[in-house]
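One chain comes next, on its own, written as structure tokens: the form predicted on its own.
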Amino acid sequence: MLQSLYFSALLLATLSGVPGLAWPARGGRAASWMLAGSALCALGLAGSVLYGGLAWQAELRWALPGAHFLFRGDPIGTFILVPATLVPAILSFYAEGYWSDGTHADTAPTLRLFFGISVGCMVLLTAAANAVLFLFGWEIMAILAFLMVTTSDQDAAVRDAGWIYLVASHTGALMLFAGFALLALGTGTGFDLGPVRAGFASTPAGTAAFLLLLGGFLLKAGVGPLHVWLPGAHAAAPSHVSALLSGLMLKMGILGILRIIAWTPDPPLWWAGLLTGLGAASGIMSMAFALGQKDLKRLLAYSSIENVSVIALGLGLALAGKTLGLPALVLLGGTGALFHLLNHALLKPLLFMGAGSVMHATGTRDLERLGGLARAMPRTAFLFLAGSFGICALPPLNGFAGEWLIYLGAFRGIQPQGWVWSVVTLASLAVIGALTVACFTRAYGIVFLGEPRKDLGAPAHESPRSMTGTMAVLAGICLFIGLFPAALAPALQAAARDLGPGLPSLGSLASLGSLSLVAVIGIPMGLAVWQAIRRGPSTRAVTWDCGYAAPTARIQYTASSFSRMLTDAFRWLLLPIERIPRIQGLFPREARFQSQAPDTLLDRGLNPAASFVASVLSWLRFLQAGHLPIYLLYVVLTLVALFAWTLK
């Protein structure tokens, strides 16, 4: 039964784009319902595994050289399976209005096909129990993501973003190939994935395997400084694809790190230090870059780096607890990371859908050109505000409960054995949280509040209900989880059980039910107070306008000016490019200040280094003469060299 549910979810998702190839007019709706069916199968499976305590395993009678099709339904993979099928179904309904066959007839059918197969690959990864099978799904997913990112390949920036993504994803895949090969030494079961023997993690092979696997998974997750592919790819892709990349594909990297923690019985303490340090540095760095962005989707992309960094902080706590023998730390760090993973998988697609709605209405994602959209797009404005509340971890949305668990874990870890990880985690979370609130206050305020700017060419309009309705469904799920987080406690407990032995009950350490009680009591009280204030006596008066009788878009904050104080504090990291006009005379001409915050590592490090290597290697082009005899001479010289080397 459980195997049937899993394979049904896998096949429905993978084949969801096929009907659209034959019947483009009905392809969108068919894909959406097939993905919805896949999500229902996944929900049924999750109920049995996470709440019913059942497990399953399946092996197909089809062997590959050195591998076989082995599937295992563990709680960690099943926990991630739910958003990996539910969110794409919602995104598919959204895409019917955003990227329809009528407006994108040349790309919509193929994009739908790639979208469905990518979801199928993620379903495969959640249960793949053989390294070759896992890497098969990983590679297919990476190639299809490249094809989806470069959907609008007539744009040079899109092509560049796609190639950077492809190079980064294959660099990560090579690291995983090498890491799994070394891991086979520790498991003793060939390429079948599972627990490694005690003591292996401290050997040179174990250390190399951990570093290679961690590097490959962090490249996919986008944790800094391995994030270079992420902002460009997220900005270049269609918005529902950006939502898939950010909300779900990044989590496949986190899934790999969770599995490493689960398989290793005695991880060295420096593993926790490395993960915690990377999470802290990456989270602060990414929010500094987010504050410097003028592109709404790049801002959301940097915010995704911040969120996977918060997950990394939770995993660092769990690793430290496992090494130091502190089960409470393992439980709170692990469940906090899993909860935040789920929250981000729901909230970031909501925000990318909001950005897509803004682009659909205005044709731009440039923050300097946007403003005052709340009047023309009230539904989008409200739903984007809900997503912003959640991503800032503000109650009553779901982001609050996940970070609360990590905070609890960090406070519990303040004791002689593990205080360093706890203090670093607490300080990082505090700084990251403050920067996140500033970042999304800026994003929402600049896009939706104030006066509309005049250079959009046409007045903005609200998006169709097929787009805003699906956003409302996602926002409703986020609100439900935020109000009733205790409903997830059994699933979190079951998933965290794989991370370490002897874990206590989550309810004994963190009373998630109390959050529901506070929300259920607090929200009606807040609404009652607000209504009382509205109905109370009030007087209207003109505010001090500093000499301006009517506010205009020219005198309101721009995106750059709003965050200038904060970006100045991180000037040493951002290294912004600024063009400051020179003001001359008593009546100077109109002038425009321009600033840009390129990615320091990519634009000032990797790209110049790659250009230098390419220029050096261009000197070797004389070797490629285009004559067959010369190529045969190369072959003969190589054989002679190899022969001489073997004689020695």
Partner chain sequence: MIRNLAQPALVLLAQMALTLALAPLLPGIVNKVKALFAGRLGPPVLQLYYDLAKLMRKGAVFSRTTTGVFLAGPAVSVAVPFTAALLIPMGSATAPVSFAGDAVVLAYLFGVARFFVVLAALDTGSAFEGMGAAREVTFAVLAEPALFMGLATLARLSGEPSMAPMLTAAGQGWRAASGPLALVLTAWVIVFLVENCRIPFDDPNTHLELTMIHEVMVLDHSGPPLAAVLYGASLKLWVLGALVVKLCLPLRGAWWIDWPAFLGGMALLACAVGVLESIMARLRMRRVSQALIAAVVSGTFGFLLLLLA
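Take the two forms, find the largest set of C-alpha atoms that superpose within 1.5 Å, and that set is the rigid core. Small disclaimer: the values here were computed from a predicted structure and weren't measured. Residue numbers count along the first chain shown, from 1.
The protein also exists as the form predicted together with its partner chain; that form is not presented, and the subsequent description refers to it.
Only one segment in the set 391-399, 205-213, 70-78, 190-198 has any non-hydrogen atom within 4.5 angstroms of its partner chain in the predicted complex, and it is 391-399. Checking 525, 105, 550, 156 for any heavy atom within 4.5 Å of its partner chain in the predicted complex turns up a single hit: 525. The partner is absent here; in the predicted complex, the one residue of 172, 482, 83, 433 having a heavy atom within 4.5 Å of its partner chain is 433. When contacts are judged by a 4.5 Å heavy atom cut-off, residue 375 counts as touching its partner chain in the predicted complex. Its partner chain in the predicted complex comes within 4.5 Å of no heavy atom belonging to residue 160.
Residue contact check for residue 177: none of its heavy atoms lie within 4.5 Å of its partner chain in the predicted complex. Although the partner is absent from this view, residue 114 stays clear of its partner chain in the predicted complex, with no non-hydrogen atom inside 4.5 angstroms. With contact defined as any non-hydrogen atom lying within 4.5 angstroms of its partner chain in the predicted complex, the contacting residues in 497-531 are 509, 511, 514, 515, 517, 518, 521, 522, 525, 526, 529, 530, given in sequence order. In a rigid-core overlay of the protein, residue 535 has its C-alpha displaced by at least 2 Å between the shown form and the other one.
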